[in-house]
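What follows is a single chain, given as structure tokens, in the form predicted on its own.
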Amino acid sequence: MKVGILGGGITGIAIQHFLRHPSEVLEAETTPGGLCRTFFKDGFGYDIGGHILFSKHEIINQLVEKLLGENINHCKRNNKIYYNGRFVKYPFENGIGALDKHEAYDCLIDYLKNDFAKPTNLKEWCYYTFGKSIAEKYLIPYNDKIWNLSSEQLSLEWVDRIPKPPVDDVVKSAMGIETEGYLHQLFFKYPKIGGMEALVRCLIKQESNVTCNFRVKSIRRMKHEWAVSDGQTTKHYDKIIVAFPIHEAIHCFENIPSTVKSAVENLRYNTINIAMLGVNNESLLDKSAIYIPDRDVVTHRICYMGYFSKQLIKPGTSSLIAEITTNPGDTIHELSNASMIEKVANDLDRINLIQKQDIIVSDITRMKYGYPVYDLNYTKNTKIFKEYFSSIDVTLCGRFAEFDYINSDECLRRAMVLSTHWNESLQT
């Protein structure tokens, strides 16, 4: 069996890594990696967002260690939330002791005396799970920013990714007793050299068959095979795996039912814009990430790249990346690269996270497909397209192929599970 893996993000590359059958990865860009690529400018490196390597699945932790070998930094999370001019420990409910006493009291009493009704959307879930004060001070404004959509228009399919804190933790936090939340990601790994893209490169074996600059335009079912073309070259496979965005893939197939097309077109996603700022001092080295719920600041999260690896900065300097999610028509999306960088720099200067005059290098990268958005029609629409592609024997795998908000560790796990299944079933 020859397998066509359409999409060379981390999922597609990992599928080929594990698959014991002839295969070819087709990637539209000049280099593979997708959202796990790393970019460099003037000696500063940065990722598409705050990538860290951790997993609840020990087999994936072992895989990462095996792939990277000695090229691993072992890090401890030092995330903060920038709230009303001060740094609050992340997650917010574990840092409320840093608030003014009356605010800490409000957070604690609202959490303990929470009688909100069972939720039907994300906004209601925030109230129901954390109480009024924590919801309104952090969770609701932050989620409104990252999803670029009101939280009352978001569904609940993904909230299991937000662990509910033990009551003891919230009480201790309000009293100023140190606690940690989200323990499974408290310690993480990151490549010493090469940024997140180093992991992708480790997945590519010497014998791997990865073809870049091949933008799939048509996928046709022949009698016993699939024909995949970029408009100039046609390649033939016994089976195919779609590992590139479903919004692009849907237009490559013939005779797609209108209900399926409509379901895919109605799936909402956000573009992610990454602005990198390098400064002429070492002030941006002491934190892993800062979450910013303030609606007057364009970015929702910044990460200090030198915290992950000193190889991503030059001696005597430091840098940050600012993430901004946008959609066409929201006024930010339409800004030029220079204007968006300027806005980020002005915002961060105004709230005293940097001094604008210290900036020595800047860059920006935009990824059209950044975050799948779980709106209120998410379940209905994803069910329609997944059932259809299953019916025509097309396998979907990956964040935007499955349209599922999964991190790189889960991409690796799903690639491993799929490849193992195919290794066994195709052999028979």
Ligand SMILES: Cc1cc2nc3c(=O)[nH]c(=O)nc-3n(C[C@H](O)[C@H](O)[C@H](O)COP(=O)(O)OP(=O)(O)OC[C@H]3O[C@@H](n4cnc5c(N)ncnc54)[C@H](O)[C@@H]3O)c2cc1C
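All of these numbers come straight from a predicted model, not from anything done at the bench. Start at 1 with the first residue shown and count on from there.
Below, we refer to the form predicted together with the ligand, which is not included among the displayed structures.
**Q** I'd like to know whether A28 contacts the ligand in the predicted bound form, with contact meaning heavy atoms within 4.5 angstroms.
**A** Yes.
**Q** Looking in the predicted bound form, any heavy atom of F44 within 4.5 Å of the ligand?
**A** Judged by the heavy-atom cut-off of 4.5 Å, F44 is well away from the ligand in the predicted bound form.
**Q** Does the ligand come within 4.5 Å of any heavy atom of F130 in the predicted bound form?
**A** F130: no, not in contact with the ligand in the predicted bound form.
**Q** Within a 4.5 Å heavy atom cut-off, is E197 in contact with the ligand in the predicted bound form?
**A** No.
**Q** Of these, K287, R215, R201, K356, which has a heavy atom no more than 4.5 Å from the ligand in the predicted bound form?
**A** Partner contact (heavy atom, 4.5 Å) among the options: R215.
**Q** Looking at I48, L396, V373, L67, which has any heavy atom no more than 4.5 Å from the ligand in the predicted bound form?
**A** None of the others qualify; the residue that does is I48.
**Q** Tell me which stretch of 374 to 382, 357 to 365, 387 to 395, 29 to 37 has a heavy atom within 4.5 angstroms of the ligand in the predicted bound form.
**A** Among the listed stretches, the partner-contacting one is 29 to 37.
**Q** Though the partner is not shown here, which residues of 404 to 418 have a heavy atom within 4.5 Å of the ligand in the predicted bound form?
**A** I406, N407, S408, D409, C411, in sequence order.
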